[in-house]
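Below you will find one chain, with nothing else, as C-alpha cells; this is the form predicted alone, and questions on how it binds or moves follow later.
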C-alpha cells in the first residue's frame, strides 16, 4: 500500500537526509560571516550623512558622491584596477611556468624551492610588506607603480601556483608523452598542449589573484605614494579620520565585483571539470 508523500513528513526526511549537523553548522557560520558584508548594501541607498541602518530615506546620493571625480574615489579605483591587472600578469608569467616545472621535474632542493614560492601565504602580511619596502627603498623604487605591481605579484603568485598545480594534477601525462614521441620540444608541449588544457585553472587563479591584489591594503600602504592611494588604502584612510557613508556605496561596488569574480571562477572551474 502506497502512502501520500505530502502527509508522511517527506520535507523533513529530505532535510535530515541532506543536511547533516556538520553541513548545517558550516552554513550557519557562512551566513554569520556573510551578513556584515550584505548590511552595507541597504545603507548605501540612504540619504543621511551618517551610517544609518535601516535608512530613513532612500536615494542614490551616496553613489553620486562616490562617482564624483572630485571626491577621488574614481581615480583610486582606476589605480587599483590597473595595479591588479599588472600584478596578475606578472604573477601569471611567474606562477604558471613555475608550477609546470615543479610538477614535471625532480631536482635537489625542489621542496625548499616550493616552500619559498609559497612562503608569502604563511608569513604575516606586515612582515612581507616591511621586507618589500626595505628592498625597494634600497633600489630607490618606492612609490612607483612598477614596485607596487611587483610587490603585489609576490603576494598573489602562490595562489596562481596552487590553482595551476591542481590543474596539472588532473592533466593526463600520456598526452604530453604522445606529443614528445611526435617530436615536439618541451617548449612546444608547454604552449600548444599544456596551456590550452589548463586555461580553466589559469583563468580561475588569475581572477582570484586580481581580486586579492585589488583588495590588498598593507603592502600598498607601505609601497604606494601617499598622494596616489589605491582604493582600499583610501577607504582605510577615510575610516581613520571620519566614517563617511560613501564608504557603504564603495563597499557595495566591491561586493558586486567579488560576487561576479567568484561566479565566473566557479563557472570556469566547473566547466573545466566537466571537460567543456
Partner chain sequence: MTTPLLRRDGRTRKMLNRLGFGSFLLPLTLFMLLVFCLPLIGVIRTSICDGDCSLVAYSDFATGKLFHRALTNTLSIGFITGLVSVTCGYFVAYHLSRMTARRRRLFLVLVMLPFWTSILVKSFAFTVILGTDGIINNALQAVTGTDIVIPMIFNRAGVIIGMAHWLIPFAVFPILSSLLSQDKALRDAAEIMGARPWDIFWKVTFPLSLPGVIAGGLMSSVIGMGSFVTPALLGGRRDMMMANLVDFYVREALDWRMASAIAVILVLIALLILSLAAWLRQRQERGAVA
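Positions refer to the first chain, counted from 1. A quick note: this is a predicted structure, and the numbers were derived from the prediction, not measured.
The form predicted in complex with its partner chain is left out here; the points below concern that form.
At a distance of at most 4.5 angstroms from its partner chain in the predicted bound form, none of the three residues 80, 171 and 201 contributes a non-hydrogen atom.
Shown alone here, residue 183 lies within 4.5 Å of its partner chain in the predicted bound form, counting heavy atoms only.
Contact between residue 37 and its partner chain in the predicted bound form is found at the 4.5 Å heavy atom cutoff. The closest heavy atom approach of residue 63 to its partner chain in the predicted bound form falls outside 4.5 Å. In the predicted bound form, at least one heavy atom of residue 26 sits within 4.5 Å of a heavy atom of its partner chain. Site annotation in the predicted bound form: the residue of 175, 74, 127, 112 reaching within 4.5 Å of its partner chain with a heavy atom is 127.
Residues are counted as partner-facing when one of their heavy atoms sits within 4.5 Å of its partner chain in the predicted bound form; in 221-238 these are 221, 222, 232, 235, 236, in sequence order.
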